[in-house]
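One chain is shown next in structure tokens, namely the form predicted alone.
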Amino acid sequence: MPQAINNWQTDQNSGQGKQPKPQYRSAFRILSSYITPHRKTFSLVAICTVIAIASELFQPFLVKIAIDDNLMAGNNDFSSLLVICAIYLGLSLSGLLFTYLQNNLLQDAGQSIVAKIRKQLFQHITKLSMSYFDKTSSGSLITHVSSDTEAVNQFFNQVLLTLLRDGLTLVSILVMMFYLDATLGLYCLLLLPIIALIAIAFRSFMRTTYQMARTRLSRLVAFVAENLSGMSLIQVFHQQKAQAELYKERNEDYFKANVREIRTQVLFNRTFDLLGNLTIAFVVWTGGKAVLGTTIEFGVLYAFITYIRQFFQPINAITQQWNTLQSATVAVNRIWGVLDIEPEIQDSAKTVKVDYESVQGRVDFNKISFSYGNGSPIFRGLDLHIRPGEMVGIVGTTGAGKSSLMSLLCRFYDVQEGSVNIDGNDVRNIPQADLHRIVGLVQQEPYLYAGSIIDNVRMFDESISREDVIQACEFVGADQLVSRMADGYDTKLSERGSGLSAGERQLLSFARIIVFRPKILILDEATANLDSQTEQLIQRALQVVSKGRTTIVIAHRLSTIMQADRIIVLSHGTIVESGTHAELIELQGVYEELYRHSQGEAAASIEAPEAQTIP
């Protein structure tokens, strides 16, 4: 867990130094493929935006008409003022209605797109080969599924709406100002270079403060998660005070970065406010002189001042969305970096259709050679043949290649040379869906999902009846566990089955494998974490389950495989011994030494000398 957190933190911090420059064009091109199916919705959003903007910008123009054509002209026609008031009210209601529709339509389309991306990304990750997960931390993948997709979500919630609404508003305000008075419009147009310089000056500084705050937040979160996962260790060694001091330092670093970010935003906003106020003062002075000289009307000056106030709002909004736009474009490229990865293990173009009911369960490792990536070879020409219905135990020291052998049979990896066959069919030619139905795997650490016991045993497959699940649990002895629970088989388990012992979780995983009835059963250190009583229960169930089914047992505790038809002893990827338990004991080789160690004889022989060295 700490390593995953550190990897996640490193992934988060990668933007500090050599962060790739966002590829805006490619990011927009990628998102456009998702926008296309919603083009009608986005067209309606554009229409609603135009109407909402028009409703808002025509309001000052109506006031200008009321001032110049009625009040200043001395016209006492109250009916025309009532008409103007009614139109003003109608424009206000229209702006409210179409802004509401615009936001809801955009949210509906945007959330649909983001949900589709999340689903596509998750499904793609589950199809990637095990070699990808060997090289990629789970923390970085979690970041892709959560943080990166959330950045895309902010693009639709904030950036797209700002670019569309505020961009059109800015252009419309300029048009209205030039329509009212071209001279004052030109004066205001001179502000654009000044605004651009301020935005550029603040942009780099704002990006730095934003990244600093996000980085220190990720460090704080990683520190908390790491401490929570190792809380028992912290309490045993009385590290609460020391860890609290370390947390205080990280919390203060984040506090300072956050305050700096807020100060930068406030300074940026107030700078724009100051520039806006100076501009209004300039327009009042210039326009006031023109009104006194009867060059322009007073209503025009009023409308101009109102538009100037509105002029800085969209510019400020667009500039503030720069960091969000940058984060979204980087996130899109990171997501598609994952989606572009092709699984190394894929179904062959010429697959062999295997009849599940006719599978006998013969397994052949034909002179296989295999290594992980560019590492040293695990197997060099290993040859192993397992008969249908045979129970084979595989033992050996750590690193001998026991689990690698099973990974090749499950086709988590492909051999570099030779072949792995089931009933004469190369596993590379069997569709993976069929292969994983034929081969069942029970690992040392069983994984349980958040859900009921019924759903965990049948893996949420509604086609498997409740009665079959109950029968499987009774078969392995898990019914005693379930009967102690308040809701029985409907008891909700938390993630990873916390609250259950390792043996109880393993019993449920055994029931799961029985429900799916594989033709070939692999137990990969499946009894390593079981107590003696539970192990005996599993062994009794295993004797019945293995009948008529090819069973391969990778065992650390040799008591699990003493009754096997054949025991294979691996050492450095090579078969060094093979035979029954009695034959191998009589041989007095590697297996006999492993068995002697498992019985505690070796420990007894060194206990006295070692005891003298213990202080």
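In this text, all values refer to a predicted model and were calculated from it rather than measured experimentally. Position 1 is the first residue in the sequence shown; the rest follow in order.
As for the form predicted in complex with a small molecule, it is not shown, yet the points below apply to it.
Point to revise | Interface membership of Q444, the small molecule in the predicted bound form, 4.5 Å heavy atom rule | key: Looking in the predicted bound form, residue contacts with the small molecule include Q444, since a heavy atom lies within 4.5 Å.
**Study point:** Interface membership of K402, the small molecule in the predicted bound form, 4.5 Å heavy atom rule
**Key:** It does: once the small molecule is placed as it appears in the predicted bound form, K402 has a heavy atom within 4.5 Å of it.
Practice item. Determine whether any heavy atom of D134 comes within 4.5 Å of a heavy atom of the small molecule in the predicted bound form, and answer yes or no. Key: D134: contacts the small molecule in the predicted bound form.
Practice item. With heavy atoms only and a cut-off of 4.5 Å, decide whether Y302 touches the small molecule in the predicted bound form. Key: Judged by the heavy-atom cut-off of 4.5 Å, Y302 is well away from the small molecule in the predicted bound form.
Check your understanding: Counting only non-hydrogen atoms, which stretch in 350-358, 256-264, 306-314, 392-400 is within 4.5 Å of the small molecule in the predicted bound form?
Key -> Stretch 392-400 is the one.
Practice item. State yes only if every one of I378, Y413 and H556 has a non-hydrogen atom within 4.5 Å of the small molecule in the predicted bound form; otherwise state no. Key: Affirmative, all three are within 4.5 Å.
Review point. So which of F223, F178, F282, Y372 reaches within 4.5 angstroms of the small molecule in the predicted bound form, heavy atom to heavy atom?
Key: Here the answer is residue option Y372.
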